[in-house]
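Given as structure tokens, the chain that follows is alone and in the form predicted alone.
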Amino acid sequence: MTYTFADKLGSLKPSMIREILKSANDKSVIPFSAGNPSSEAFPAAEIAGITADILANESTTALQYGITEGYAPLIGAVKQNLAAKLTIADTDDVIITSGAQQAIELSARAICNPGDRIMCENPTFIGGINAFKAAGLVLSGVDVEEDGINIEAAEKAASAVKMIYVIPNSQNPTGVTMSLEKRKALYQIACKHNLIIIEDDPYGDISFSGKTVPPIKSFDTEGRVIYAGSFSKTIAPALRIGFALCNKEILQKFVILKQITDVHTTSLSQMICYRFMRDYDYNAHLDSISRIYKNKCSLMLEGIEEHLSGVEFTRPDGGLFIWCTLPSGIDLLEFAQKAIQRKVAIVPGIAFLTDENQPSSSFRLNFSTPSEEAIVKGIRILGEVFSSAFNHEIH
């Protein structure tokens, strides 16, 4: 039989980059290409105890259908946690989603029509790129600077778009945190052009300095910011618990779309998440995992300074990623291929660009997944690959 697929899948074909990274599944490969939280950050023992207690005493609630908006106690806990960052308007409410990825996808489907343009940071999260392309949207990329999105370029692009998507804290893939001034300026652009902002914040609770910048949502007086959060990086990704804080009118559209997609987020996972936040010191847990990631990030940065002299790189204050840029003249894909031959996987930067035909000399490194020993070894190997490529180029 000859199959005919939806036209919108045409832009979601496997890429050359993903073919390079297939070998990263090899257990002997150092996975700098990953984006997973560290397994040592998982509260496995606590989750085991919570799960056993729920199944013993609240099995009907845990195993039965739930309401689409989410498990009410968890919604309350999310609001309480958000209260430290912002004041929730009476016109706003929270919906529990299957990861922040679903919150992004629901936003695109609820607000935009196929053919509409969406402004994104360039580079940006590949999950966002694919969600928007699957919804039939056209991406307008705006470059990321060392303090966040280029505001002048954002202002120029705003008149032609319907929505803005940004990751203000420890951005994926660059690790850059947007300044308060740029957050306020971007919000004013949205107000001026009557745009919705998706503020994707999966890394805001992972801070190395303890200092945080107020969310764009914190000064949203017009109900135009959809704040998406997640417990994937702070508790466990397999629970698939995310949430969106937004205007109730938008939220009701999310409910309709979510009923079509998955009816409701898994009740057991929601209850586990709530109980962990209720029964344990959640802020202390965040401090603990932030220390784990700070140590790993520092170790990787030290290795880059020692072994990759001549490579530009970001210095994140949180999150999971470092963005590196090769000197001109070195072929990025060849560099990535030679690295994987040496059992080190990186992600070429073109995977994160809003225009897949745009050239890139950058690559993303993840420090959360590999062990400290693997970080030291992997960066040393990348240094050897780089030295070989650089020496070849100058000769």
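In case it trips you up, residue 1 is the first one in the sequence shown, and so on. Everything quoted here is computed from the prediction, not taken from an experiment.
This next part talks about the form predicted in complex with a further copy of the same chain, which is not shown.
The chain is drawn here without a further copy of the same chain; in the predicted bound form, the stretch among 300-308, 225-233, 273-281, 142-150 whose residues come within 4.5 Å of it by any heavy atom is 225-233. The putative spot formed by Thr124, Val166 and Arg315 is not touched by a further copy of the same chain in the predicted bound form; no residue has a non-hydrogen atom within 4.5 angstroms of it.
A heavy atom within 4.5 Å of a further copy of the same chain in the predicted bound form is found for one listed residue only; from Ala83, Ala72, Ile256, Ala160, this is Ile256. Interface residue among Leu268, Ile292, Ala89, Val138 relative to a further copy of the same chain in the predicted bound form, by the heavy atom within 4.5 Å criterion: Leu268. The closest non-hydrogen atom of Pro327 lies beyond 4.5 Å of a further copy of the same chain in the predicted bound form. Not displayed here, a further copy of the same chain is kept clear of Asp93 by more than 4.5 Å at the level of heavy atoms in the predicted bound form. Among heavy atoms of Gln101, some come within 4.5 Å of a further copy of the same chain in the predicted bound form. a further copy of the same chain is not drawn, but in the predicted bound form it has a heavy atom within 4.5 Å of Glu249. Annotation for 107-143: interface residues with a further copy of the same chain in the predicted bound form are Arg109, Ala110, Ile111, Cys112, Asn113, Pro114, Gly127, Asn130, Ala131, Ala134 [heavy atom within 4.5 Å].
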